[in-house]
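Take a look at this one chain, the form predicted alone, written out in structure tokens.
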């Protein structure tokens, strides 16, 4: 593709687990699609079986999934996926969502892209999302709030670093947070980051209402290619400890009626599963919990970032169901669970399966686990790092 003009704008949108990246990016995709732009997405996780990919699929968006490590450690795979999309559908826009524990993205993703792909991509400034309801826990003001935070120091370090390197910080879920909560979150961010970068945009955004989306895009265009330099110091050992503090679980299962003759109620199944899992986990801190279920021609997604706040549930059109849906037993359901929590991953898997079985039994159904991956991510090994410490 040498000597070709830039063909696509490429947006990398980061942020901690549960910040609302997938919801924000699908809202951004819808924005461009309404303007007759071709859009593609690239999702990312430590392993496959992503709820995020299923959500993108139900929106009818062409996508690629990079699993096994973050974009930075799978940079060649990331670039291959982007180039494949560029060849296959010629998108005007590619939206990339790195895994929620990714950090050091300026040095390991943004700058390598700008260095090696100027012929075909206009790489937009790095946006990092932050849930205003979580900012106070992650960036506490004093020792009292540090002691009250449910998150270990290493995870708070990761969270701080993600935001510190942002070209633009987007405070998500502005339709859910109160004015007081939003103002408090903004005050914390301004005090923490504006001394070093007074011009750093900190913008409210709601993927549900679309509020703040035009301002977000305007700021990215204004920043252009002159975004922040990579931080000179990134503690890879602390980052590894942060990732290993979380148990990661991706699980896929079939829910099959024991005697046939009835369909699974996916909403009731999810509700029962979440209630039971909360009881079993006793409110342990959750990075994110995402569930995707297909049953009786319907697709439903639910998510939790804090047990105290309950869950959000969304239904999707049924015309994008997996092609293999017709091969499943009549009345059965397919369910995906992605869970990141402060817990041993094997224990997390056992507790999740237990809760699923309990919920299925209430519908006279049984659980058949088809995929299960429980892990603690290893130390970050980026393919490239341009600028700062190597």
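From a predicted model like this one, the values you see are computed outputs, not experimental measurements. Positions refer to the first chain, counted from 1.
Missing here is the form predicted together with a small molecule; even so, the following discussion is about that form.
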Hey, in the predicted bound form, is residue 123 touching the small molecule, heavy atoms inside 4.5 Å? no
How about residue 207 - does it come within 4.5 Å of the small molecule in the predicted bound form, if we only consider non-hydrogen atoms? yes
So, in the predicted bound form, is residue 12 in contact with the small molecule at a 4.5 angstroms heavy atom limit? no
Considering only heavy atoms, tell me if residue 290 and the small molecule come within 4.5 Å of each other in the predicted bound form. yes
Exactly one listed stretch (215-223, 278-286, 93-101, 111-119) reaches within 4.5 angstroms of the small molecule in the predicted bound form by non-hydrogen atoms, and it is 93-101
Looking at 160, 263, 314, 235, which has any heavy atom no more than 4.5 Å from the small molecule in the predicted bound form? 314
